[in-house]
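Next comes just one chain, in structure tokens: the form predicted alone.
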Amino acid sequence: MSDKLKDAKIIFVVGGPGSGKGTQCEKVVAKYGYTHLSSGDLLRAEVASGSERGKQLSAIMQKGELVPLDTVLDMIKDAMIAKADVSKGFLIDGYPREVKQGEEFEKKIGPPSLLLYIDAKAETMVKRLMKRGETSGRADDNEETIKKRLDLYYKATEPVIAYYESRGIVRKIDSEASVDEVFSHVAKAIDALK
């Protein structure tokens, strides 16, 4: 099954909650025909489905804890295989959260061509998430949970970025600028892959 993914272009997209990575991923999908897979969206869809697995995931997420590695990886792999024939590449958003996840991903699926690190200041991310919380209805868009998520994110992500930097595939993109300006940097990084 995973032979389908053998030569797939895989881009890990890392950035804190509210960094703008979702917006950038949408723009990449529109321009390049990649498939955007957000571990968070896959998890939320599973929760919304009301399945047994969804109920278990819901309980974990409401506590602000991370979902087990294997569960997330299986969901990502299934989603990639489902899209393998029609996709020019894959944006794996919000993953890996730790080095071990990256290693497991490579064992089960394949190595990333690029890690896009969409970086914003902590206070910018809090502001953006609070604004999103006004309209999103997401239970985790409140100040206390946001700060907890940011702490978790920084602790987990720094080693991941260092791990891939040693391979020379990390492109750090400052997302404090306008959406289009940020995207011009993202596009440059992707264009360099060819």
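Since the model is a prediction, treat every value here as computed from it, not as a measurement. Each residue number is its position in the shown sequence, starting from 1.
Keep in mind that the form predicted together with a small molecule is missing from the display, and what follows is about it.
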Next item on the list: Only one of 67, 161, 156, 29 comes within 4.5 Å of the small molecule in the predicted bound form by heavy atoms, so just point that one out.
Entry: 67
Notebook entry, point to check: Is residue 113 close enough to the small molecule in the predicted bound form to count, meaning some heavy atom within 4.5 Å?
Noted result: no
Next item on the list: Would you please decide whether residue 37 lies within 4.5 angstroms of the small molecule in the predicted bound form, comparing each non-hydrogen atom pair?
Entry: no
Margin query: Can you tell me whether residue 126 touches the small molecule? I mean in the predicted bound form, with a 4.5 angstroms heavy atom cut-off.
Written below: no
Note to self: in the predicted bound form, is there a heavy atom of the small molecule that lies within 4.5 Å of any heavy atom of residue 169, even though the partner is absent here?
What the structure shows: no
Note to self: in the predicted bound form, does each of 95, 132 and 149 have a heavy atom within 4.5 Å of the small molecule?
What the structure shows: yes
